[in-house]
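A single chain, nothing else alongside it, follows as structure tokens in the form predicted alone.
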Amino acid sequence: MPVSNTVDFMTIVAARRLRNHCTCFVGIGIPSKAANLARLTHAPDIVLIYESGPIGTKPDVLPLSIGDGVLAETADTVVSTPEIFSYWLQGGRVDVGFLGAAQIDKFANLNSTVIGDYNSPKVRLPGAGGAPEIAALAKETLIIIPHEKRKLVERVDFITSAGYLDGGDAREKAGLKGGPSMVITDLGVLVPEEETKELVVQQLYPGVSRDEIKEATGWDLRFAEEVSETEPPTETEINALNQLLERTRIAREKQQNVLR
């Protein structure tokens, strides 16, 4: 059974990366979709936490935002936002931070602040939220982003969340923990090269060529010594994702009808 689109494929690939029993600090959007898919398939005991305070949340539908009541209603407990950041994140209790962004560069720095010059931007983006702290303090960070030249750029217009800064040991010298371990796009999977920390292609999705992924990238993209083809989604993964999306669609329609 094929997936319906490349975003679904990317979501499934990202979900596979999350381990059972790990503590995952989840961003809204595709990261939330992938994290909850992991919980519904191979990682039933994953601990999902969101910036607003829910810990161990198990939503039946995808939340609209970090303040969506479904997160609190289905959580093991809810704490204050300061406790999420101080006790959990700064305390080293978050295994994985799961983020998206508008731009990413070859050293996995993320931009969710502005496109263009900061003082006179072409586009003003939603901003940082808790992403800078997640990127700086989680034991590892997963990043998910559509693979387009305008999104995967040589250098981000603004560093909202630090990846490996200028590459090499720059992140370590800055005193930051962890770091991006994988970037999942809708064409393949990129990982930081061990020495330079530059992102290189580790996996290509079925039917995606090296030329295609290079053409969609804003820097001279290189490849790992061994590049594999990503395993296609299983029927179990596809069914779980489709059911999650359908429950979410029905819930949104009910909410709209109540508001009318």
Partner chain sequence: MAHFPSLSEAIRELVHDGDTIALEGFTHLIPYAAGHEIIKQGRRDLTIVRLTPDLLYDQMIGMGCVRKMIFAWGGNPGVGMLHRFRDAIENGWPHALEIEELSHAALSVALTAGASGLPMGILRGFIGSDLPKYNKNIKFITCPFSGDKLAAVRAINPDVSIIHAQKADRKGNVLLWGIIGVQKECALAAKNCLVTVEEIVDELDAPPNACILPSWTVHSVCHVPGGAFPSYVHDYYERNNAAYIEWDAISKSRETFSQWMETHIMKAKNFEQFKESLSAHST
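Residue numbers count along the first chain shown, from 1. Every value quoted in this text rests on a predicted model; they were computed, and no experiment measured them.
From this point on, the text means the form predicted together with the partner chain, which you will not see here.
Student: Consider the chain as shown here, without its partner, and state which of Gly56, Gly218, Gly67, Pro232 has a heavy atom within 4.5 Å of the partner chain in the predicted bound form.
Tutor: If I apply the 4.5 Å criterion carefully, the residue I get is Gly67.
Student: Among the candidate residues Asp95, Glu133, Asp105, Asp186, which is the single one with a non-hydrogen atom no more than 4.5 Å from the partner chain in the predicted bound form?
Tutor: Here the answer is residue option Glu133.
Student: So in the predicted bound form, does any heavy atom of Ser52 sit within 4.5 Å of the partner chain?
Tutor: Although the partner chain is absent here, Ser52 would touch it in the predicted bound form, with heavy atoms inside 4.5 Å.
Student: Is there a non-hydrogen atom of Ser181 within 4.5 angstroms of a non-hydrogen atom of the partner chain in the predicted bound form?
Tutor: Contact check for Ser181: no, nothing within 4.5 Å of the partner chain in the predicted bound form.
Student: Decide whether Val153 counts as a contact residue for the partner chain in the predicted bound form under a heavy atom distance cut-off of 4.5 Å.
Tutor: Answer no; every heavy atom of Val153 is more than 4.5 Å from the partner chain in the predicted bound form.
Student: Is Pro121 close to the partner chain in the predicted bound form, meaning a heavy atom pair under 4.5 Å apart or at it?
Tutor: Yes, Pro121 sits close enough to the partner chain in the predicted bound form that at least one of its heavy atoms falls within 4.5 Å.
Student: For the spot marked by Ser80, Gly127 and Ala162, is every residue within 4.5 Å of the partner chain in the predicted bound form through some heavy atom?
Tutor: The answer is yes: all three residues contact the partner (heavy atom, 4.5 Å cut-off).
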